[in-house]
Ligand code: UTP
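Just the one chain here, laid out as C-alpha cells, in the form predicted alone.
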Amino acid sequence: MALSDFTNNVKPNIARAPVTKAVFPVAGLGTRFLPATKAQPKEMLPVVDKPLIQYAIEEAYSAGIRHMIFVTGRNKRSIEDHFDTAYELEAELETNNKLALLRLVQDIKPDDMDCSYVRQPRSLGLGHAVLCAERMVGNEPFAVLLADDLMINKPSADQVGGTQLSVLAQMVKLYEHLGTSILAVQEVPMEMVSRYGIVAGEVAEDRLSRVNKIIEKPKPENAPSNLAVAGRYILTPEIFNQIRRQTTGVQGEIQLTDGIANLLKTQHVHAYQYYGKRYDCGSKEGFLEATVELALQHPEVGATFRKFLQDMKF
C-alpha cells in the first residue's frame, strides 16, 4: 500500500497541532572523520556541492517546516554562518553579474525560514540534545533530523498529487492522520543491530507498525527485530518529560531511545518504513557512497563523472 492510499483512507483530526519546528542535534564531535573534523563540523562536510546539514534543512523545509532549531556546541559557528546572510559575497556576485550563483547563495535560507540556536554544554547524548531544545519547541509536536543520515528519495518513492515527497514530508503527512510520535525505520542485517535503536511492534498497515518495544544498540541475540531507527523522528512534546526523568543509559549518555521507551507507557508510537534511501554519512563508507551516487545524478557533473568512472582502470 502506498502512503497516499493509507492517508486517503484515514480521516485526519483537523484540531491537531501541525509540525512547524525541527530540531537538528549538531553538537557532536565527529570523531569518525578526524582529522577533517578537527576544525569544522561534520555536518558541514560537503556531498558534491552542499554540506550535509543543508540537505537535512531542505528536507525539513519540503515538509512544510519553517522554524529550524540547531542544538550546537563549540566549534560549530560555521553552521550558523552558512545560514546567515553573506553581504560581501552577495555584493561581489552581484557586481560581477553572477546572478545564478547569487540566487544559489540566497536560496540557502529562504525568507520565510527562521533559524534558532541553542548550546548543548556537554556531550550527554541525543536525548539530552533534544531536551536542550525544549524551550524553543514549547508544547508542540516537532521533528528531529540527524544530518549524518542523508535521506534521498528513490524514483519509485511514493508520489502524492504528482509530487515526490521527501522522507520527512511522508512522516508529516502520516502525523496529520495518526497524531502520534513516528519513527523512521529500515531493515538492517542482524549483525548490524548493535549500531542502532531497534524496534518491534504490531503491524498496522503496510510499512507502518505500532511500536511496543524499543531498545538502544542491543546485541544480535537480544534484538527484538531487525527494524532499525533511522535519523528521522516526529515526536510529541510529552517526550521532554520522559527524557528529563530518565537516568543515563548506553555509554553513560541520556538516550532518546530510552525516552521513547518510557513514552510507550502512556502514548502510542508508530514506526514507518519510509520510501527512499538512507546514506549513513556518519561513516566513511556511507559518505563515499552518497558522494558517488549523488555526483552521478548531478545535472552539472553527472555525465562527465560517469564517464570518468567508466574509464577508470582497476
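Source: prediction; values computed, not measured. Heads up: residue numbers just count along the shown sequence, starting at 1.
Below: the form predicted in complex with the named molecule, not depicted.
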Q) in the model of the complex, which of the listed residues (A60, A271, A27, L52) lies with a heavy atom within 4.5 Å of the named molecule? A) A27
Q) Using a 4.5 Å cut on heavy atoms, which of L146, L168, I198, L131 is close to the named molecule in the model of the complex? A) L146
**Q.** Site check R32, Q120 and G125: each within 4.5 Å of the named molecule in the model of the complex by heavy atom
**A.** yes
Q) Using 4.5 Å between non-hydrogen atoms, is E43 touching the named molecule in the model of the complex? A) yes
Q. Which of these stretches, 61-69, 263-271, 285-293, 35-43, has heavy atoms within 4.5 Å of the named molecule in the model of the complex?
A. 35-43
